[in-house]
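Two forms of a single protein chain come next, each set out by itself as structure tokens; they are called structure 1 and structure 2.
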Structure 1
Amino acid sequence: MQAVILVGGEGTRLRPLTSTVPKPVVPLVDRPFIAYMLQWLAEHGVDDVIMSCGFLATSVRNVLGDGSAYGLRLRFVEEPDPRGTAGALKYAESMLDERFLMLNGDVLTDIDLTAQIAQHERTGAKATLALVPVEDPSAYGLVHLDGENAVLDFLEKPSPDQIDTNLISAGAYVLDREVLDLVPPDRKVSIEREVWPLLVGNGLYGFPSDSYWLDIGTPDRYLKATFDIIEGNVATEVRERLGNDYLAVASEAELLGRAIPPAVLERGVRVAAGAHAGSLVVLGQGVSIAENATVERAVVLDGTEIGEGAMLRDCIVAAGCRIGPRTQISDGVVLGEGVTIGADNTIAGGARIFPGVTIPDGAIKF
């Protein structure tokens, strides 16, 4: 089975994490984000994946290689300019089989693709959309189905009185090649707005699923995805690594303080005496936490140093940062790569500090 993954965006909502690293290979727990999708696809019999790239495509290719590490063949297509969801697919047309999967590369999910493909074949569909329920569908487009799961219509961003279903598109489609005939070449085309309406009543089906699904396009959702992975709320290989105590500490880590599960501590991590890591923490390779510092509900990436008595909570810290003694970072803050925060600062309120910035001792208190 073949799949096309759309990863052409610049990841602007995730900046500053994506200021220096392409979104598909931003670390998520212990591997590039897109690796979860590749492993999920391989589990469902996909052996050929085409990555439709735009921004920093070479960097994505350098990290992922030829796909052999994931048990599949991985190829790359670079759009000459932004083509939209259907336009990107059309640009890759010469590489596509008679039937293939199309996926939004921003999603973490464990939807049963095997069952979705089986329904597609059983109904004789031209396109089958995976659908998932969400608690608040008002920010999405609703999908109405008939009793045979054929799509009746779409309702974009409904008002409260219009909400009569909570099913939205999950960004995972099974497509027959003939769908490409509906896509004009060499221009930007939306599959959601310009192609699906043409297929309503003519081979467009939905596949409702109660599986885990999350769009990881923002820092708060990135943190939620991290926590869900290490808590085992979504089926991934990381769950096996955490074991029954939900704690993964690399053998080369030095743990003199406390690690509170669920938590992942990678090779070279040092947690000093009196320091606390966890719960809900991922510490990348070479992270050091000094005496009496606390890190909880946070992701701290490779090589970052956290000073004595510092406190990090509900935040994301990119690689190579320096955080001074007694500094407090919380409430959705994101630090870009190589940021230095001096001692005795307080940073909160979802602040985003871009790569390479230096903040002196005691400069910020909010």
Structure 2
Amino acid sequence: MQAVILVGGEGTRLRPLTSTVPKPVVPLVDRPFIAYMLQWLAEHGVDDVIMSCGFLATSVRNVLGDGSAYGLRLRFVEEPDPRGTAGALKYAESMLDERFLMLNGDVLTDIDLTAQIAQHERTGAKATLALVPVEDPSAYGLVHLDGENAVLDFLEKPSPDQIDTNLISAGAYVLDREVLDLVPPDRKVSIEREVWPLLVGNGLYGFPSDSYWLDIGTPDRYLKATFDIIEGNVATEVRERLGNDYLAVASEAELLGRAIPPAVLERGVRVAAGAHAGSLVVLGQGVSIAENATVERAVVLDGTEIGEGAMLRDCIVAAGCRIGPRTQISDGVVLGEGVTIGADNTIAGGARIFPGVTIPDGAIKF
């Protein structure tokens, strides 16, 4: 089975994490985000993946290689200019099989694609959209179905008065090649706004699912995805790594303080005496936490150093940062790569600090 993954978006809502690393390869727990998607696809018989890239395509290719690490063939296609969700597919047309999957490249899910493909075959659909319930459908594509799962209408980014159901498109489609005949070439085309409406009543079906599903496009949801992976709420390979005590401590870690599960501590992590890491923590390779510091509900990427008595909670800290003694960081803050925060600062309220910025001692009490 073939799959096309759309990864052409700039990931602006995940800045500053995506200022230096393209969204598909932003690390999530212990692997590039898109690796979860490749593993999920491989489990459902996908062996040929086309990544439809825009922004920083070369670095995506450098991280993922030819796909052999994931047991599939991986190819990359770069549009000359952003073509939108259908235009990008059209641009890859010469590589596509008679039937294939198409995925938005920013979702974490374990939807049963095998059952979705089986329904697609049973109904004779041209396109079958996986559907999941969400609390607030306004940021998604809203779908109404009839009793046979045929789509009655598709409303992209519905306004409040249009929302009377919670079933939205999960960004995972089974498509027959003939759908491409509806896409004009050489221009930007949205599959949601320009193609699905043409297929309503003409082969567009929904596949409702109650599987785990999350669009990881914002810092809050990135943290939620991290916690859900290490709590085992979504089926991933990480769950096996964590074992029954939900704690993974890699080799060469030096644990003088406490690690409270669920937690992942990578190679060379150091947690000093009186410090604690967890629960709900991921510490990348070589992260060091000095005496009496606390890190909980947080992601701290490779090589970051956290000073004595510092407190990090509900935040994301990219690689190579330095956090001074007694500094407190909480409440959805995101620090980009190589940020230095001096001693005795308090940073909260979802602040985002861009790569390489330095904040002196005692400069911020947010």
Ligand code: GDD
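Treat the numbers as computed from the prediction; the structure is a model and nothing was measured. Residue indices: 1-based, along structure 1. Note that the rigid core is defined as the largest set of C-alphas that superpose within 1.5 Å between two forms.
- Between the two displayed forms of this chain, it is structure 2 that matches the form predicted together with the named molecule.
- Asp164 shows a C-alpha shift of 2 Å or greater between structures 1 and 2 [criterion: core-superposed Cα displacement of 2 Å].
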